[in-house]
Ligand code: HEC
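A single chain, nothing else alongside it, follows as structure tokens in the form predicted alone.
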């Protein structure tokens, strides 16, 4: 009896295995010319999933100073911080456009309007001189302590060996008294010093002249003078928000940067997505498709090799062959390339490498890539799965770039040069990963599960007016 039951049991098990192999969706990953088939139904290894995010992950430990947050909110939306009083931090990082601007490349100082309706204007009548060379990065979760580098190339970063505690383009000129609270405050010091972003051109204001000359200290001094001016109605707000400010004379631009950082860290904390709740123990919150996508993300698709950790970023720099559009940073033979991290380190191995972005709320923050080359999440993810093919077949109509003849003329100079495209492709460190259509859809479903529902409506983060009396909207 035993001898007849064992073969029968083995036959049943064999049938089950064959059935599973036919019906269980599989992920196909190509590594070094070896194709490995991995069952999508296999459970993700628990130690590959990140830990849940908590208050302790943030500089404010979940208890921000409400007066600094409110002051920072007003400053963030006030055009007073620009050379010509015509653009604010929020113009490119607005609450109504998911802390970005909805464009591939920002239309900076001199433009008109908000988001995808923003116009570059004409140079003769005060319009922009060129597009801002890199996509406006979203601001979600940047108040978390693990974000120690800012900007696409990481040119501002925590560095205890520096007098200020930070390395930045300002070098030793970065203020130390009063000190900057964190790296997010350091980031807030620099858009105001850029002629194309906020400062304006040399002939337009004293701030524009200082910015064009590269005198960042003078830009910060002049902005502090504006904030000290009683007519702009900020003095009492600073006195109430900061213990070291007693009179207008005590106000420094560092205080403004610290307040802006406090606002950004509080208002745009986003860590209650379905995935966050899943990590905290609610195993019912993810759909079946999202769970399958999660297994791909942390498994065969290889996404977590770079998008690791609590906020889906390793905070490192990688070349993934993202298309180079727009004016670039003046690098390479065309003058329209952007060498990325190499501009900071001087190492050729870092050419075309850019910081791994966090994927929290990523479904909200298009266009995607350091130049915003992809206008749909699906196209951006498809690029990451097959970067070389996506680079060489790039569809230029995907770019969201308000048109003007002189700007259009340089937007695709790199992408129209096969040699320059080849240079980007050769530097690429990404390898192709082939997914079936259903698997790709599951991966997209999981990425949507990284969106915090509280971030879907940020209208409360936009003030109706600002102390200076300048218009909040154009």
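Numbering follows the first chain given and starts at 1. Treat the numbers as computed from the prediction; the structure is a model and nothing was measured.
Only in words, not in the display: the form predicted in complex with the ligand, which the text now covers.
Exactly one listed residue, out of 92, 174, 325, 219, brings a non-hydrogen atom to within 4.5 Å of the ligand in the predicted bound form: 92. A single residue from the set 377, 210, 237, 144 has any heavy atom within 4.5 angstroms of the ligand in the predicted bound form; that residue is 377.
Here the chain stands by itself, but in the predicted bound form one stretch of 201-209, 158-166, 106-114, 241-249, 106-114, has heavy atoms within 4.5 Å of the ligand.
In the predicted bound form, the ligand sits beyond 4.5 Å of every heavy atom of residue 274.
Using a 4.5 angstroms threshold between heavy atoms, residue 370 counts as touching the ligand in the predicted bound form. Under a 4.5 angstroms non-hydrogen atom cutoff, the ligand in the predicted bound form lacks residue 86 among its neighbouring residues.
Interface membership of residue 311, defined by any non-hydrogen atom within 4.5 Å of the ligand in the predicted bound form, is ruled out. Contact check for 134, 139 and 191: all three have a heavy atom within 4.5 Å of the ligand in the predicted bound form. Contacts of stretch 276-300 with the ligand in the predicted bound form, defined by any heavy atom lying within 4.5 Å, are made by 297 alone.
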